[in-house]
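Have a look below at one chain only, the form predicted alone, in structure tokens format.
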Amino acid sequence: MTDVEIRNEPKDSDWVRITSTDGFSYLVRRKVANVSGTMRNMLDTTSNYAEAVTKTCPAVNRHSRGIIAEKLVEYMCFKAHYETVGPKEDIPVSDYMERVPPEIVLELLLAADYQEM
């Protein structure tokens, strides 16, 4: 008999935890987390990163706040939901923009850049 390694391939319906440094965490589907290029690389099972094994990703970096993580998750859900919509005129971008407080825009922009979104 030969030893056969059984590998559970990740599915888009798997759950992933996104955490902030101040104790907030968000559970999202892998499809939503894959909107971020950084998280997609972290969760790649062939990489053997700790994030891939535990299915837990930090939102941004060691200084990330819960509000920034929340807005990143909101955007990832928004983008994952509307990526299959036809014309861009059908996407309610202004609805999302109204939910972003102006005092966090710069920090959110830096976090989105880090997450390759």
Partner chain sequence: MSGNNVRGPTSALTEFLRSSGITATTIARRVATRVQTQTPNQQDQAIAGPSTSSQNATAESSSRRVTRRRSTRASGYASDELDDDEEPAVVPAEDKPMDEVEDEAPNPAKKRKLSKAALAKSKEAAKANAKKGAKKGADNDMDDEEDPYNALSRSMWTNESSARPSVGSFEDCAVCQKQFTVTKYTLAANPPPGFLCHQCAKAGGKDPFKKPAPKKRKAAADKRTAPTFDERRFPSLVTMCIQLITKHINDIEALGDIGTMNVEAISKALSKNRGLTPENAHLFYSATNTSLVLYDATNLTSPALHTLALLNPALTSLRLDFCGHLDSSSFPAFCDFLPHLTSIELLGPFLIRIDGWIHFFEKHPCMERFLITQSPRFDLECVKTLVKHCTGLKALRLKEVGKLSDEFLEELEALNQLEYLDLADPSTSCSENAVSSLLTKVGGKLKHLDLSGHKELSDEFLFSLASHTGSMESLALNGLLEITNTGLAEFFGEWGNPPLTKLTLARNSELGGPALQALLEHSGAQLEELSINGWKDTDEESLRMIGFRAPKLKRVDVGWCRAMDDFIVKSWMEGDEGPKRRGDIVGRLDNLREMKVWGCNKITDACPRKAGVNIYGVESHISR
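Everything numeric here is computed off the predicted structure, so don't read it as measured data. Numbering follows the first chain given and starts at 1.
We do not show the form predicted together with the partner chain, though everything after this point is about it.
Please tell me whether any heavy atom belonging to A33 falls inside 4.5 Å of a heavy atom of the partner chain, as the geometry stands in the predicted complex. No - in the predicted complex, heavy atoms of A33 and the partner chain never come within 4.5 Å of each other.
Test of understanding: in the predicted complex, would D12 fall inside 4.5 Å of the partner chain by heavy atoms? No, D12 is distant from the partner.
L27 within 4.5 Å of the partner chain in the predicted complex, heavy atoms: No, L27 stays farther than 4.5 Å from the partner chain in the predicted complex.
Indicate whether the partner chain has at least one heavy atom within 4.5 Å of a heavy atom of K55 in the predicted complex. Although the partner chain is absent here, K55 would stay clear of it in the predicted complex, with no heavy atoms inside 4.5 Å.
Residues of 99 to 115 having any heavy atom within 4.5 Å of the partner chain in the predicted complex, listed in sequence order: Counting only heavy atoms within 4.5 Å of the partner chain in the predicted complex, the contacting residues of 99 to 115 are V100, P102, E103, V105, L106, L108, L109, L110, A112, D113.
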